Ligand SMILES: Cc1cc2nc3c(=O)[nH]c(=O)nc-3n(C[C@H](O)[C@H](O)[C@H](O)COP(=O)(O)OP(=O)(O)OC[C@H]3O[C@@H](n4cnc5c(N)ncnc54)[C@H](O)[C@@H]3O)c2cc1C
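Single chain ahead, by itself, as structure tokens, in the form predicted alone.
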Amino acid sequence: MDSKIYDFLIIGAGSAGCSTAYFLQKSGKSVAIVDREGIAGGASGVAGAFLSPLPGKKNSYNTFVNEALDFSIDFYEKLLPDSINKKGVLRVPNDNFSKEKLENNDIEYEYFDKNKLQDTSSNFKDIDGYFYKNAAVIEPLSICNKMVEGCAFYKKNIDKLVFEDDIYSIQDIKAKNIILAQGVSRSLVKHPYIQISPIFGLRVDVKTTTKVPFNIHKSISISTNKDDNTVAIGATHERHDSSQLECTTTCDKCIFYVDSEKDQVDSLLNKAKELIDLENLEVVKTYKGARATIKSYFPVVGKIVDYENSLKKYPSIKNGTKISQDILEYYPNLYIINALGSRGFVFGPYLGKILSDSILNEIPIPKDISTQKLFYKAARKELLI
């Protein structure tokens, strides 16, 4: 048995877990990571890993996304410059992002009409769009492996937490603090106010003789050519009802997708052909992954509130009484970073820094992403466990 007691054990080795591990380890803390599939073995490893701004009239959500994007692109460029390809993105108007929405924002862009696109590459179809310079695509596996250098890693399936004498014991691993970064996997503690839903994502890597000058996004995303001459085509488009589906494995092993993969791939490729002609196209590999999200689309970060005991101690919360978050009941030394959705690598480093700063330096977590905000909202609706 390993007698070492780690300062932190992070459960989940995707973008969220690896990013948090990086900042804690750089602060001098001993960090272990555990994941049943390996580093970036779940949704993060199969992600298209597109880093793009969120246009539109300024609001709290797109402001948060774009601040995270600036931070994370700078982070990746310093961490592993060979694993980030920063050539910008062309946003093509669609039902969700009209021309008005793409134009009406504070983000710098350049309008590309169909003639300018044709001059850039004759393979472009009869489309126009808005080019945003501050966008990129990264190599998720390389990035995640780099972030966890210096941390211990265990490939295990964890199904129970044991807390005794201020120490968590998980099989043969011991730690003072636990951080849950499990994505859509079943939580190891009760937090009914954080309702995680899976959103299905599909990515296809293809070889093509076409030179794609920059990333392209409409209802799907197409990457510029990578170093291995492949192009990634990806989409996140199907939300599952979490009350009907509990993720216990990765999507490539999930019965839910077995019979529908071909139609999904064909649909993805057909949508890509509507944007640009990918000559001599050859499908190299298909990836599937369930991204974790909550209804508000904001991620969730911070100490995990003990829902039952907090309401038992302060039942008036349900009537709207304001109780300071400092005196709520919390699970001891237990934190969460989750619901990064389809922007896992946009949010990852930004949130990892926020969480580590909160734990180590008591810097408050922004309200929109805090566990307490979800707790109060659920409690006042008298949410039942």
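Note that the structure is a prediction, hence the values are computed from the model and not measured. Heads up: residue numbers just count along the shown sequence, starting at 1.
Below: the form predicted together with this ligand, not depicted.
**Q** 92-100, 207-215, 179-187, 274-282: which one contacts this ligand in the model of the complex at 4.5 Å, heavy atom to heavy atom?
**A** Correct option: 179-187.
**Q** Have a look at P299, G302, G129, G201 for me and say which one sits with a heavy atom within 4.5 Å of this ligand in the model of the complex.
**A** Going through each option in turn, the one that passes is G201.
**Q** So which of A32, L328, I354, V346 gets a non-hydrogen atom within 4.5 Å of this ligand in the model of the complex?
**A** Contact with this ligand in the model of the complex is made by V346 alone.
**Q** Against this ligand in the model of the complex, would A43 count as a contact residue? Criterion: heavy atoms within 4.5 Å.
**A** So A43 counts as contacting this ligand.
**Q** Is it the case that N157, even though its partner is missing from this view, gets within 4.5 Å of this ligand in the model of the complex, heavy atoms only?
**A** N157 belongs to the contact set for this ligand.
**Q** Find out whether any non-hydrogen atom of R291 is located within 4.5 angstroms of this ligand in the model of the complex, and reply yes or no.
**A** Although this ligand is absent here, R291 would touch it in the model of the complex, with heavy atoms inside 4.5 Å.
**Q** May I ask you to check whether F50 falls inside a 4.5 Å heavy atom distance of this ligand in the model of the complex?
**A** The answer is yes: F50 has a heavy atom within 4.5 Å of this ligand.
**Q** Decide yes or no: are M147, C151 and L334 jointly within 4.5 Å of this ligand in the model of the complex, with each residue judged by its heavy atoms?
**A** Judged in the model of the complex, none of M147, C151 and L334 sits within 4.5 Å of this ligand.
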